[in-house]
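Let's start with one chain on its own, the form predicted on its own, as structure tokens.
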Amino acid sequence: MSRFTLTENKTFKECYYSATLENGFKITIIPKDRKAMFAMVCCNFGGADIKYERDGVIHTLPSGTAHFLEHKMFETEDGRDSFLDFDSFGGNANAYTSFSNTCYYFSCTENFYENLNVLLSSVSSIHCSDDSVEKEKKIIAREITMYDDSPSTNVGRNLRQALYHAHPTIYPISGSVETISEITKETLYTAYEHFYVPSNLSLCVCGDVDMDKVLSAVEQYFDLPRTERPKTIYEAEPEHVVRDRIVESSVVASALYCIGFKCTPSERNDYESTRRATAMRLAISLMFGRASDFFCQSYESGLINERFYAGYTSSENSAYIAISGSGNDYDAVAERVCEEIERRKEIFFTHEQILREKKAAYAESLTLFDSCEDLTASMAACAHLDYDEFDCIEMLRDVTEQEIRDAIGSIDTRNRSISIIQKGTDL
């Protein structure tokens, strides 16, 4: 336990312990007196890591490689599925890939350390054959086809492709049937060797556990020299959008739409960029949240319905506002949204409105600590950053009115696109 550092927030009475091995592997333990325990290994490698530089050499991976690798990490040396081992110890395991991370996790109420050994063993090495890779291509191709048939997925994907010229966000995390056909066993081994290095991995555990036993388990499986993560390369991205409109037809009861505003991105996902993102999210909630004047008036008039949602997405070298909903008045909605943004640049919110919004967001953020699973996922990802969830919550309290005003002022309502999934004529 002496190798762990305690971090606590006395305001909302939460804490965690953290340690970093000499090779860079990061461990976070969140003590919780709960029967269920969670553990997650997070690799800072996701759908956006397509082109990168390592030791002066430029590498390019087919889109979908990180997700494909996730599927193969539970294959053992003898060709078995390690999910069977989790089952034998009463563990419920799964994994997922985002644009920035790949995460492997389990929950259990007993045999925690046995399940932890299975998790660490699965991630500490890769075993796959040419035949198993070819078989997996068929499985993932079916998964891709399923998502391609989802209008709600397509409306968001199309928006990103209308907004961005070159950023990897235009590619689905799982890739396409064409790109995964290019993936070979050698592709997966190369990606694993380059990205699944200790300095690019973190383990987060939430529950009543022995911290020294957790540390010993990590050291057993990751007793490796330090190797640095490759540097992801992003192509130059023009400020303007690709196109102002993209339309598809599908089997929908009424049209789906997603209105996007391309924003100025940050080159790093650090504390300062996260603070700016916090200010922007508060600004969007003030303008378009369920308690906003815009939402109440537009809902009452029938312009929008309960499916209306506004949010902000930011990552390295990309940032955009997405406002989605359903109905055939999408052009009128887009016009009203732009009018509201421009109006709020001139007629700002009152101190009382901002304070109320900040309090609501602060209270909602604290509910994260009620879910061990969500808290584990958030803290595992934060281990690779220069801030944690404690900082994110405090940002909500500390962000100034001027920062929120600046966030609204930075939105260029002319630099927008709209993605529409309209009702097919055969419906």
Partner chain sequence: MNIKISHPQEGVLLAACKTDKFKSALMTVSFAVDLDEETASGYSLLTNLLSLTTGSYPTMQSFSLIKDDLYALGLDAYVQRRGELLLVRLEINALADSYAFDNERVLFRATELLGDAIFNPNLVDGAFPEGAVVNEKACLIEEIASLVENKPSYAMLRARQIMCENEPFSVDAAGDIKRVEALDGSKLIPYYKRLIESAPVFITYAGEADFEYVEECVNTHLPFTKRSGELSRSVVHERRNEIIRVREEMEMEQSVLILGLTSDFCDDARSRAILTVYDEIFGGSAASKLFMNVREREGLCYYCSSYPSSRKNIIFVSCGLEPGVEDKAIEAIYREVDAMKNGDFLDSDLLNAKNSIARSLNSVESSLNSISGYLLSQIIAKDAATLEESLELIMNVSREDVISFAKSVTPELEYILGGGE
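Numbering follows the first chain given and starts at 1. Please read all numbers here as calculations on a predicted model, not as lab measurements.
Note that the form predicted together with the partner chain isn't included here; everything after this is about it.
Although the partner is absent here, Ala363 lies within 4.5 Å of the partner chain in the predicted complex, judged by heavy atoms. Contact annotation: Glu316 falls outside 4.5 Å of the partner chain in the predicted complex, judged by heavy atom distances. By the criterion of a heavy atom within 4.5 Å, Lys13 is counted among the residues contacting the partner chain in the predicted complex. For the chain shown alone, Ser88 is a contact residue for the partner chain in the predicted complex, at least one non-hydrogen atom being within 4.5 angstroms. The partner is absent here; in the predicted complex, the one residue of Thr190, Gln220, Ser125, Ser254 having a heavy atom within 4.5 Å of the partner chain is Ser254. Think of it this way: in the predicted complex, the partner chain has a heavy atom of just one of Thr350, Thr264, Thr145, Ser216 within 4.5 Å, and the residue is Thr145. The stretch in contact with the partner chain in the predicted complex, judged by heavy atoms within 4.5 Å, is 290-298, chosen from 290-298, 193-201, 268-276, 235-243.
The three residues Asp33, His71 and Ser150 all sit with a heavy atom within 4.5 Å of the partner chain in the predicted complex.
Residues of 128-143 placing a heavy atom within 4.5 Å of the partner chain in the predicted complex, in sequence order: Lys135, Glu136, Lys138, Ile139, Arg142, Glu143.
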